[in-house]
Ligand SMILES: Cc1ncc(COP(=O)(O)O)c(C=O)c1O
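Shown here is one chain on its own, the form predicted on its own, set out as structure tokens.
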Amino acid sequence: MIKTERMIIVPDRKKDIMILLSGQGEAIPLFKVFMPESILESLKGVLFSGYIGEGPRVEDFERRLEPWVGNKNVLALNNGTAAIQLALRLADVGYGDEVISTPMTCTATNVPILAMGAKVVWADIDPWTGNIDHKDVAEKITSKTKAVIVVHWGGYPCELDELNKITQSRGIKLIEDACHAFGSEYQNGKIGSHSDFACFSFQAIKEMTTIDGGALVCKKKEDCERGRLLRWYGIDRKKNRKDFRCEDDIKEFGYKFHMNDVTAVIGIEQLKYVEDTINKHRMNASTYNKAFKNLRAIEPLRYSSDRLSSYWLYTLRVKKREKFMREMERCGIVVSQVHARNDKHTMFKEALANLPGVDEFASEHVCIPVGWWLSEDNVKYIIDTVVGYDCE
């Protein structure tokens, strides 16, 4: 890298992208893994305990998650995608059913719909939040609709009151993809306490990580108990058996979606720090909101005061986005769209729809660093660089 008076030039586009996305090197990263050294002692205890599968640490982790999601029906899983697929299964989604979803997300949100043999039906989004448009959801419901999946873009909660009214009145399950939104709140309630199902990701670069992992939160206890069986092939692990290696009759097939004690103990330790981590994201986002409110070609998303984002992402809408991204790269600031619209992928070719809100959002959105790793000087430098670009 070649230093300049502004900061850094990143001239080599072939540079290993993992260096930029992992917080290594000199550029200000978009993501960075949080891993406290205090984790080593408890991790060592599990690794040499002789038991590293799903055990007491998983149950402990589930209990510790309860206050964070406002719900006691918590299932720790091996990743957030598994949580979505398990939620679809518990919603009895199958071949020929329709699931309404947003294309503005990671493909991990929508691939499970195809895995269940169901059809994706795209709903449009609000181009100023990135979240699904509840009015368009209502218009897309048919007699074949079994579930609706919504994504809290960047951690900002969707219109959950309206969405729950729509789905409950039609007997349809509402599934929240809350993989961006651990610690977010909607009208003073934790995300995880509002809908039929909420799915969380604890993947490496999330604010709360277990290296890889996830959780499914269920409104109904009976869904949680069924999910507990399905996450481990359909086997009741709590039942006393004559031969602990041989199971009784399995009534319903399941998956290998469980979490293990190694990742769970990492999560237990991470929970000691996550409140501070999220607060730092929010503080940085608040500073950005004030600095960017009167710009001409760059605008932050528009958020309501009745909910609280975790700000896993801080998203701007930028005119001439590609030029902006090149300038940020030149100045040593890693930016990205993070997720591309899913409806353009060949695997979803049968679900094409007219989505003007997605068109508008996807043509301008870009995310800038907002995380816990930013120093005051980093935040000031990012603001000065963004404002300086807007003035050109």
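Please read these numbers as outputs of a predicted model, since none were measured by experiment. Don't overthink the numbering: it's just position in the shown sequence, from 1.
Not on display, but discussed next: the form predicted together with this ligand.
S.K.: Of the listed stretches (288-296, 133-141, 217-225, 101-109), which one has a non-hydrogen atom within 4.5 Å of this ligand in the model of the complex?
M.R.: In the other structure, the partner sits against 101-109.
S.K.: Just give me the single entry in M259, A91, V151, M208 that has a non-hydrogen atom within 4.5 angstroms of this ligand in the model of the complex.
M.R.: Selected residue: V151.
S.K.: Quick one: of C158, I84, I191, I125, which gets a non-hydrogen atom within 4.5 angstroms of this ligand in the model of the complex?
M.R.: Answer to the contact question: I84.
S.K.: When you measure heavy atoms, are G80, H180 and Q203 every one within 4.5 angstroms of this ligand in the model of the complex?
M.R.: Yes: each residue has a heavy atom within 4.5 Å of the partner.
S.K.: Give a yes/no on whether H339 approaches this ligand to within 4.5 Å in the model of the complex, heavy atoms considered.
M.R.: Although this ligand is absent here, H339 would touch it in the model of the complex, with heavy atoms inside 4.5 Å.
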